[in-house]
Structure formats: structure tokens, C-alpha cells
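Listed next as C-alpha cells is one chain, alone, in the form predicted on its own.
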Amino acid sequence: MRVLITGITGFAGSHLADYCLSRGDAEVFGIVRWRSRTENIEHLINKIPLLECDLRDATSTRTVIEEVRPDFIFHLAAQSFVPTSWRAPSECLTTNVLGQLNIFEAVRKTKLGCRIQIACSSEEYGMVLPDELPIKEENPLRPMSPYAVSKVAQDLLGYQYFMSYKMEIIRTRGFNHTGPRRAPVFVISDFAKQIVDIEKGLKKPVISVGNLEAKRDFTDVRDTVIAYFLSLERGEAGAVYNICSEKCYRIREVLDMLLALSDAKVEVRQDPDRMRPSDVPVLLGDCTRFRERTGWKPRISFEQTLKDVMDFWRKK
């Protein structure tokens, strides 16, 4: 089986590469850009061919697709940080939508019969009403950020190419996932790094925070990437699946759990620069459809995930 991972140098992409290699039945290829940071895959450099490609360039994308001729494509490459999408909405939309379009067109024109997973997002649901929880795939999409809009576009583009060309496309709407290697611009990794920096005397005992009242459904990335693989192995072409833990934590509660893993005494201080123009209050998913189709369920407890994130930063 030949597997192509876009965004392999990223957080989820590197963990997906680890999982694919651990199976022993997959030849894994990764797409990188010349300026891609590679610290997440340093341990894989000699195990995976890395192909330089800018997905925003149609010719570059088609060249790689024709060279690899994959059986599975996991499309994880994206501008994935929500606050950045507010500062650079045009770049977010161009990167996320055009990059995916070029993959679809390359697969269509080379007449490959491969399966494609699109890593969409729970952010697409946006403003969810109280009586709509937990969120099912049929819930209305009310995106509240440029990033979320880009993901809605990717999602619906996947559906359109399935309907128009019968391409084997599966859409996964991943809820928040975290774990070791997560960049510190994301909330749990950010908190953990700040705590560890305080432990090591690298910063004052003050933790800067944004909105602590938001509620999120967190899954360990190592469980999430197994779900990604199962979506192509067992998922129905054209379908959309929520990937989530079906458990919800208030961000304030997450911070308290991380602080309980440290002896550091800290002050928590809200930073206005960390507040978004609009924020989704609650994201709690229902993954019944995916669980019944694939048998997947998370294996790693949230408490273990938090401990692993703290240990990751302590070892950096």
C-alpha cells in the first residue's frame, strides 16, 4: 500500500506517519515545502521519501501525484491556527482551498483510483445552539472564523468532487486534538510550555491566557490519526464523520489539571491579545456514525495526554 501524507511535517502528520510505519504494510511518502520545519519528523528522515511540492501550484502537485501514484492520500496540510486566519484571511483561504483543489484535479486527471481523506474541522459547526449538543454531522454549519469558512469550503468541495466525479473522498471533521509535538500556539501545549518555563525559571510565574470559558472536546492525536487511517480503510466514500472523544472540558478546567501536574506556584492573567473577535462557546461531538462504521474509539485518557504534553516540554 502506497500512502501519501500532505502536511507530514506538522503535528498530526508526523503522528500519522508514525502510525502508518508501525503497521508494517504501508510505504509512506510525505509532501514538504522548501521552508518546512522538520523537527517533528527528524526521527523519520531516513524512513520516508520526502517530496518537495507547493500544493498551491497545480503543476507541482500533479507531478508528485503522478510520481507516487498513492493508494491512500491523507490531506492534512493547511493553515490550521484559527487566530492567524483573522490576521491573514486571504492566505488562509488560498492555502486551504486551492491546495485541496489541486490535489483533486491531479488525481482526477491522472485517473487514479485512490482514496482521499480530507482533514476537516469541528470549527465548521461554529455557533452551536444548546439544544444541538452533542453535535452530529447533520448539524448546520455556522462558521465563525476565516479558518472555519476555509474548512467548510474544503468539506463541500470534497462532497462535490465525490458527486461529480465519483472520487473516493472521505471527509473527517476532527474536534480538538492534542498531544506531544503540538506547537505552543495551541491552548494545551501553550499552557504546558508556560508552566514548564516557569518550573525552569525561564519566565516569571505568570501564565497568560485567553478565553477560559470555552468548552472543547479533546482527543489524543495518537488516537485521532488511527481514526484518519480507518476512515480510508473502512469509511464510506462521500461520507462525513465526526472524530471526537464525546467528552467536553472547560478551558479553565484544563488549565487547573495541568497546574496540578506541577509544583509551580503561578498567577493566571488574561491577555487581551489572546481573545478572538468571535469564539465558539461549546464544541462537543457525537461520533456514533464513525464508531459504528469502523469500531474506533479513543484509547488514551485525557489525563495521560496532559501528562505526556507536560513531559514533552520538560524534555525539550
Ligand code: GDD
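Note that residue numbering begins at 1 and tracks the sequence as displayed. Remember, it's a predicted structure, so these values are computed and weren't measured experimentally.
The discussion below concerns the form predicted together with the ligand, not included here.
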Practice prompt. Please state whether all three residues Ile31, Ser60 and Phe72 have a non-hydrogen atom within 4.5 angstroms of the ligand in the predicted bound form.
Written response: no
Counting only non-hydrogen atoms, the one stretch of 197-205, 231-239, 120-128, 105-113 within 4.5 angstroms of the ligand in the predicted bound form is 120-128
With the partner omitted here, the residue among Val209, Leu133, Leu157, Leu141 that in the predicted bound form has a heavy atom within 4.5 Å of the ligand is Val209
From Val64, Met257, Ile48, Ile251: within 4.5 Å of the ligand in the predicted bound form by heavy atoms is Ile251
How about Asn176: is it within 4.5 Å of the ligand in the predicted bound form, going by heavy atoms?
-> yes
Any chance Asp190 has a heavy atom within 4.5 Å of the ligand in the predicted bound form? yes
Note to self: Under a 4.5 Å heavy atom criterion, is Gln100 part of the interface with the ligand in the predicted bound form?
What the structure shows: no
So in the predicted bound form, does Leu283 come within 4.5 Å of the ligand, heavy atom to heavy atom?
yes
Residues in 56-88 that come within 4.5 Å of the ligand in the predicted bound form by at least one heavy atom, in order, are Ser80, Phe81, Val82
